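This document opens with one chain alone, in structure tokens, the form predicted alone.
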Amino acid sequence: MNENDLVELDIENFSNLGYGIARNDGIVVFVEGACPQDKVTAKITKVNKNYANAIIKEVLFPSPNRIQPFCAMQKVCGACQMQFIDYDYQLKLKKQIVQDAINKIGGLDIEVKDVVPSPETKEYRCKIQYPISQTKVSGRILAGYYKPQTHEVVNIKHCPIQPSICDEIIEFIRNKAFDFGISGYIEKTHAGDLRHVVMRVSKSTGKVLVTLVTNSKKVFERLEDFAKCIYEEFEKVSGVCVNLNPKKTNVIFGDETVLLAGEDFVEEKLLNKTFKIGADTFFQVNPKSAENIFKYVKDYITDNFEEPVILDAYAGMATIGICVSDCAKKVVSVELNKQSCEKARQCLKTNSIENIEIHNFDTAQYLKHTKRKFDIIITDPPRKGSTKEALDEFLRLGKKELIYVSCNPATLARDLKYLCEKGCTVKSIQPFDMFPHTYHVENVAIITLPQS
């Protein structure tokens, strides 16, 4: 088997990165855009020692779970890898992704529960980050997502997984930018004004916070006028900010954000708690699915503990801690990002919460230097998972249980393996679908800590 070969493949399984899995001459082939039970003709794009990659040229016999994507841009956009698969079957595949990670990476014999579906499968995505570019010939502004494996912007006029107001705002920005002398960013030459448009939508209020990320060191008059024009055009826009990012970097946000019109936040409600979300605040992309997760955690604590002392580690703006504060004696929230801690303190005032402490520290460093003990530890680390140092501190400081919220089944499985080797017992693993039509899946693992 060589590159550019055309081969017939029977798709047998599904990978954790959203590829169909087949075999050819004993070699595993990962096939983009394939569904288990498909029979396809595929073109080999890369051959390695132990596996190959391929793309579909023709679906000879489609899987009974293959459907027509509801977005015309699905194949070229790359954001919704699984949109051609029936939603109920997507959930089964995501459960299998988690189960495979737990069994193969974690080496654990634990049955994963069925995935809790997202309450919405369209217009669920409430944080939109569109890279901006500009065509060479016509000079048109392009706004959308990058093509898979590239930095080529796919110009998207309608995205069904985000609120429709976002399409209207982006189209307005495309058409009006030139009236204010605002150009699109050219990555290769580091030229042009507008690098990204970031929108944060509140499911509770329908309001939108718009942030223009610019390739500039300071705000200029044309930019101020453009921001005010956007604010005045849309009743649902709560405010328009400008983020200054003149660096040659793939990081979206620069260090400084300036409010130019309206308010610099939108309000979101989860479990009857109000959160003010800023331009660069970390907050769940799918609020309704996030609410399912937080309710699951809160219900578990309520049913099994009476006024526990809780550690909320890697807390962000203390969203989980705030949501479970009603059933806790005390919540100690630890987060490294200063802005997130400031937002958390604002939320405490907004919701009149008095039993939460906010600590602006690296989680591992805070744990290392504290002698406090906690009935429950809740940890929601980034995709890379927890460090062994942090896990060791959880073991030292935790009295009863650890609730591990994870966005990456692989690192969750790795960390569960380590904890089990230290004497922990995994009581349950509950997946949640936070990102319909993608291979991503959130999980909540309930872990009993060894008794000292």
Ligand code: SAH
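In this text, residue numbers run from 1 along the sequence as written. Since this is a predicted model, take the numbers as computed values, not measurements.
The discussion below concerns the form predicted together with S-adenosyl-L-homocysteine, not included here.
Student: Work out which of Ile132, Ile320, Val98, Ala344 lies within 4.5 Å of S-adenosyl-L-homocysteine in the predicted bound form, going by heavy atoms.
Tutor: None of the other options qualify; the answer is Ile320.
Student: So S-adenosyl-L-homocysteine isn't shown here. In the predicted bound form, which residue out of Pro287, Pro163, Gly184, Gly316 has a non-hydrogen atom within 4.5 Å of it?
Tutor: For this set of options, the contacting one is Gly316.
Student: Taking S-adenosyl-L-homocysteine as it sits in the predicted bound form, is Gly192 near enough to touch it, meaning that at least one heavy atom pair lies within 4.5 angstroms?
Tutor: No, Gly192 is distant from the partner.
Student: Would you check, heavy atoms only and a 4.5 Å threshold, whether Gly144 touches S-adenosyl-L-homocysteine in the predicted bound form?
Tutor: So Gly144 does not count as contacting S-adenosyl-L-homocysteine.
Student: Can any non-hydrogen atom of Phe294 be found within 4.5 angstroms of S-adenosyl-L-homocysteine in the predicted bound form?
Tutor: Within the cut-off, so yes.
Student: Should Phe178 be classed as touching S-adenosyl-L-homocysteine in the predicted bound form when contacts are defined as heavy atoms within 4.5 Å?
Tutor: So Phe178 does not count as contacting S-adenosyl-L-homocysteine.
Student: Select, from the options 415 to 423, 381 to 389, 50 to 58, 65 to 73, the stretch whose residues sit within 4.5 angstroms of S-adenosyl-L-homocysteine in the predicted bound form by heavy atom distance.
Tutor: Comparing against S-adenosyl-L-homocysteine in the predicted bound form, the contact stretch is 381 to 389.
Student: Select from 322 to 347 the residues with a non-hydrogen atom within 4.5 Å of S-adenosyl-L-homocysteine in the predicted bound form and write them out in sequence order.
Tutor: Going through 322 to 347 in order - heavy atoms within 4.5 Å of S-adenosyl-L-homocysteine in the predicted bound form - the hits are Val334, Glu335, Leu336, Asn337.
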